[in-house]
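Take a look at this single chain, the form predicted alone, given in C-alpha coordinates.
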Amino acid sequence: MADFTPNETLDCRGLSCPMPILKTKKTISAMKSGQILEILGTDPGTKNDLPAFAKRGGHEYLGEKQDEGFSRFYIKVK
(Lines give C-alpha, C1' and ligand atoms only; values in the text may rest on other atoms or scores of the structure.)
Protein backbone atom coordinates (compact mmCIF):
# COMPACT_ATOMS: atom_id res chain seq x y z
CA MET A 1 0.00 0.00 0.00
CA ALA A 2 1.32 3.44 -0.94
CA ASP A 3 2.13 6.01 1.69
CA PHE A 4 -0.34 8.83 2.07
CA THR A 5 -1.63 11.12 4.77
CA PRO A 6 -5.34 10.89 5.58
CA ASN A 7 -7.30 14.14 5.66
CA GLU A 8 -9.56 12.84 8.43
CA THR A 9 -9.57 9.97 10.91
CA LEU A 10 -12.78 8.35 12.13
CA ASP A 11 -12.48 6.26 15.29
CA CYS A 12 -14.99 3.39 15.17
CA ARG A 13 -13.14 1.12 17.60
CA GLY A 14 -15.55 -0.74 19.86
CA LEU A 15 -18.50 -0.20 17.51
CA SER A 16 -20.21 -3.09 15.76
CA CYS A 17 -22.15 -3.28 12.53
CA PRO A 18 -23.83 -1.18 11.21
CA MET A 19 -22.37 1.78 13.16
CA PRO A 20 -18.94 1.93 11.45
CA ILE A 21 -20.61 2.13 8.03
CA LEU A 22 -23.18 4.72 9.15
CA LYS A 23 -20.47 6.91 10.70
CA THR A 24 -18.27 6.50 7.61
CA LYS A 25 -21.15 7.52 5.33
CA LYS A 26 -21.84 10.65 7.40
CA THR A 27 -18.18 11.64 7.54
CA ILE A 28 -17.60 11.11 3.80
CA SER A 29 -20.62 13.27 2.95
CA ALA A 30 -18.82 16.25 4.53
CA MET A 31 -15.50 15.62 2.75
CA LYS A 32 -14.23 16.91 -0.60
CA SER A 33 -13.45 14.78 -3.64
CA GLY A 34 -9.93 13.39 -3.55
CA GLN A 35 -9.62 13.51 0.23
CA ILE A 36 -8.68 10.37 2.16
CA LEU A 37 -10.57 9.06 5.18
CA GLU A 38 -8.90 6.73 7.68
CA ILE A 39 -11.30 4.54 9.66
CA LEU A 40 -10.13 2.80 12.84
CA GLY A 41 -12.13 -0.33 13.58
CA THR A 42 -12.28 -3.46 15.70
CA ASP A 43 -15.41 -5.15 14.26
CA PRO A 44 -14.33 -8.11 12.07
CA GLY A 45 -17.25 -7.48 9.70
CA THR A 46 -15.81 -4.10 8.77
CA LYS A 47 -13.15 -5.85 6.66
CA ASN A 48 -15.88 -6.90 4.22
CA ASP A 49 -18.30 -4.02 4.73
CA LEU A 50 -16.01 -1.06 4.01
CA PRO A 51 -14.70 -2.22 0.60
CA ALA A 52 -18.28 -3.00 -0.49
CA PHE A 53 -19.51 0.37 0.83
CA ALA A 54 -16.73 2.23 -1.02
CA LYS A 55 -17.48 0.42 -4.28
CA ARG A 56 -21.22 1.09 -4.05
CA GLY A 57 -20.59 4.78 -3.41
CA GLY A 58 -18.06 5.12 -6.21
CA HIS A 59 -15.22 5.79 -3.77
CA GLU A 60 -11.78 4.17 -3.98
CA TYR A 61 -10.92 1.63 -1.29
CA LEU A 62 -7.18 2.05 -0.70
CA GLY A 63 -6.72 -0.93 1.62
CA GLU A 64 -6.12 -1.63 5.27
CA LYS A 65 -3.30 -1.92 7.78
CA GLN A 66 -3.30 -4.01 10.92
CA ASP A 67 -2.41 -2.16 14.09
CA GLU A 68 -2.20 -3.42 17.66
CA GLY A 69 -5.73 -4.58 18.47
CA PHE A 70 -7.48 -2.81 15.58
CA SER A 71 -7.38 -2.18 11.84
CA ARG A 72 -6.90 1.01 9.84
CA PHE A 73 -8.99 1.27 6.66
CA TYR A 74 -8.51 3.89 3.95
CA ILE A 75 -11.06 5.29 1.50
CA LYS A 76 -10.45 8.00 -1.11
CA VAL A 77 -13.58 10.10 -1.55
CA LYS A 78 -14.97 10.39 -5.10
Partner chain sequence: MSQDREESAMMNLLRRGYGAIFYENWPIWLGGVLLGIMSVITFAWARPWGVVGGLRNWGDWFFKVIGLYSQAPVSPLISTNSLIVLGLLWGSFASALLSKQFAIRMAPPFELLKGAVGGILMGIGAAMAGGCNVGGFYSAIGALSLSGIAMMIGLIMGAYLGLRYVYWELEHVATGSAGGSVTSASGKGLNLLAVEPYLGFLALLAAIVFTWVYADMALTREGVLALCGVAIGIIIQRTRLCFVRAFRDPFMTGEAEVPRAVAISIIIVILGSAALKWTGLRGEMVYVPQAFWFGGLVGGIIFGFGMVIAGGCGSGSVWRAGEGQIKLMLAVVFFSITVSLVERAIDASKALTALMGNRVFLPHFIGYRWAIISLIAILLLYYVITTWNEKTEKFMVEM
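Residue numbers count along the first chain shown, from 1. All values derive from a computational prediction rather than experimental measurement.
Not pictured, yet referred to below: the form predicted in complex with the partner chain.
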*Using a 4.5 Å heavy atom cut-off, are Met31, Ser33 and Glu38 all in contact with the partner chain in the predicted complex?*
no
*in the predicted complex, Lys23 touching the partner chain (heavy atom, 4.5 Å)*: yes
_Please tell me whether any heavy atom belonging to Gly63 falls inside 4.5 Å of a heavy atom of the partner chain, as the geometry stands in the predicted complex._
no
*For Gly69, is any heavy atom within 4.5 Å of the partner chain in the predicted complex, or not?*
yes
*Within 4.5 Å of the partner chain in the predicted complex, which residues of 35 to 62 have a heavy atom? Give them in sequence order, or say none.*
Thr42, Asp43, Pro44, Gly45, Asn48, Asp49, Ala52, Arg56
